[in-house]
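Just one chain is shown here, as structure tokens, and it is the form predicted on its own.
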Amino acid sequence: MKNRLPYIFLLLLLHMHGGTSAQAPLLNSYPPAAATVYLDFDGATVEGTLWNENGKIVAEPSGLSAATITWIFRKIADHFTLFNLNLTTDPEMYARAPIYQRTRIIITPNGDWYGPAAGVSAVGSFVWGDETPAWVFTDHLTNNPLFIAAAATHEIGHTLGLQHQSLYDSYGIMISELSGGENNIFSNEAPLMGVPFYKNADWIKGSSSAGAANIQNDTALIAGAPNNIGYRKNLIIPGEGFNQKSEAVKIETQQPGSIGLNSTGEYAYRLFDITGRLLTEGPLRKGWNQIQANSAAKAVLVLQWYSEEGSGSQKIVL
């Protein structure tokens, strides 16, 4: 077995307990997608992976209620609405997914077999094809659903090849491997691949733990090679449909350099080109908005909007 331990990244700390045991309801965020992330709340026996140096691991069920599991699932899925990726709690969906485009996140109370961490994953394991799971340990997250969702999203990011988003000083010296959004003095935002617990967290483009000059574009790496997930082509999520609203943001006019739209509420938005490069971002007011596209005369763009009320995305062809 290959020694992939140098590529393992952890999450963080915290302690406590709670919850009522229940089998996870069967949920899917985007069933048409082949690429799949399986959120396993039901317990598992793991053998024959890089985690099994000390033998078989028997992970207990999460002990969370069906309602709490559903809330956590939706919170995680909100972070992946841009991508052609299905989040599922259905083991059969995972079993049918391509072996080189899937991963399993085991959400379980106790991770003492590993150590004092809230989660652990192997970077890039999404494409390994060898059933290597990632882990979230809920006892170390005070069984707080918001923390569990953030930790799981962070670990999924690692399996998709992302490293930590880090904080550096003006000389390029690392202040903290895990950025908590300290440099965002005018916003309440933090990177999902940093410390995603205490601020509104999202994917960002910033300096990774590989060095201040190593700029990691989270969305581009998730969508691109070797994951080859790509971006979602339609606005409505078949099946669940809980985290996007077809009329929340409606494109009214589109032309090179400018997009006009109507918004039913107040959102933050990000505009990407099809490679995942961030073109512009800012707030959307309720009503009419004009966005400067800052792109080539002919382009395919992806508009993403989000708030506490929900999120959505739409492909735009200029």
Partner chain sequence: MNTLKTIICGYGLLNSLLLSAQDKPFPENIPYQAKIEVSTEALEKLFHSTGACKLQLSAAFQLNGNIQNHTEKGPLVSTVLVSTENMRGAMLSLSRSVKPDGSIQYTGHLLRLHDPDGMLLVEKDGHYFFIRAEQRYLVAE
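Numbering follows the first chain given and starts at 1. Predicted model, so just to flag it, every value in this text is computed and none were measured.
What comes next is about the form predicted in complex with its partner chain, which does not appear here.
To test your reading of this chain, name the stretch in 220-228, 139-147, 204-212, 72-80 whose heavy atoms come within 4.5 Å of its partner chain in the predicted complex.
Checking each option against the 4.5 Å cut-off leaves 204-212.
Even though its partner chain is not shown here, does Pro196 get within 4.5 Å of it in the predicted complex, heavy atoms only?
No - in the predicted complex, heavy atoms of Pro196 and its partner chain never come within 4.5 Å of each other.
Does any part of Asp130 reach within 4.5 Å of its partner chain in the predicted complex? Heavy atoms only, please.
Yes, Asp130 lies within 4.5 Å of its partner chain in the predicted complex.
Is Ala122 near its partner chain? Define near as a heavy atom within 4.5 Å, in the predicted complex.
Flag for Ala122 set to yes.
Does the 4.5 Å heavy atom contact test between Glu177 and its partner chain in the predicted complex come out positive?
Answer yes; at least one heavy atom of Glu177 falls within 4.5 Å of its partner chain in the predicted complex.
Scan Pro32, Gly265, Gly48, Pro283 and let me know which has any heavy atom within 4.5 Å of its partner chain in the predicted complex.
Of the listed residues, the single hit is Gly48.
Residue by residue through 144-161, which ones have a non-hydrogen atom no more than 4.5 angstroms from its partner chain in the predicted complex?
Those in contact are His154, Glu155, His158.
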